[in-house]
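Only one chain is included here, represented as structure tokens and corresponding to the form predicted alone.
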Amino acid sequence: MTTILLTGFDPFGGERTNPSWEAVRRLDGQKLSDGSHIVAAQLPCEFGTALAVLKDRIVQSGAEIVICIGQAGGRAELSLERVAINVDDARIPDNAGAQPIDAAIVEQGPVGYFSSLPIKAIVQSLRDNGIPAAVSQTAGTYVCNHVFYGLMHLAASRPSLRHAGFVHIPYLPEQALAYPGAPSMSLQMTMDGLLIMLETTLSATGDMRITGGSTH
């Protein structure tokens, strides 16, 4: 039976909630169609500390699949991140007050890592089920990318991690009220989407060769 670790973040940037944790915590303990089960963990929105907590939770759970979820205000769909880059360049301080600028996440580490999730197959499955989804070419340079890169760096030396990656999700509707015109997604649709993502990850034998690129 496969153990799947899903992580979400605590609120940051003045927000009172973070949809990533609200969705993930409600999936804790759920079983998928093949008997695999979900373990949820909350990460602090802090450079360095988030990676230490993530590594500890991976070791504790013995997870074979690890997917980190983060909030991306302004996005209208579930965004399957393609690549993590080896740089921290924080526009705002993290929850501990740190604001690294042009700093390597891993000194002498690779410039970037690609997700090992079947991201295009996941996007297609989500769209087939009426859930907005897209491949994203950037996870930013804040704590989300920091965690994504750190996860993939760990996975590169941990063969037991079969799949790893990062997904950004939109604001909840109640958050979007504070940002006129900002897109949002209901908590239930987000949760449904994450379950479809996991089922697709477990069943896919490879990724689909369909377009997922962008012109900008």
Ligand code: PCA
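Keep in mind that this is a model prediction, so the values were computed, not measured. In case it trips you up, residue 1 is the first one in the sequence shown, and so on.
Below, we turn to the form predicted in complex with ligand PCA, even though it does not appear here.
Where, among 138 to 146, 83 to 91, 101 to 109, 117 to 125, do residues come within 4.5 Å of ligand PCA in the predicted bound form by heavy atom distance?
-> Contact-bearing stretch, as computed: 138 to 146.
Partner proximity in the predicted bound form: Gln71 to ligand PCA, non-hydrogen atom cutoff 4.5 Å | Yes, Gln71 is a contact residue.
Please check if Met185 has a heavy atom lying within 4.5 Å of any heavy atom of ligand PCA in the predicted bound form.
-> No.
Using 4.5 Å between non-hydrogen atoms, is Thr201 touching ligand PCA in the predicted bound form?
-> No, no contact at 4.5 Å.
Any non-hydrogen atom of Ala164 within 4.5 angstroms of ligand PCA in the predicted bound form = Taking the distances in the predicted bound form, the answer for Ala164 is no, it never comes within 4.5 Å of ligand PCA.
Which of Leu151, Cys45, Ile38, Ala63 has a heavy atom within 4.5 Å of ligand PCA in the predicted bound form?
-> Result of the distance check: Cys45.
Partner contacts in the predicted bound form for 13 to 50 (non-hydrogen atom within 4.5 angstroms of ligand PCA) | Going through 13 to 50 in order - heavy atoms within 4.5 Å of ligand PCA in the predicted bound form - the hits are Asn18, Ser20, Cys45.
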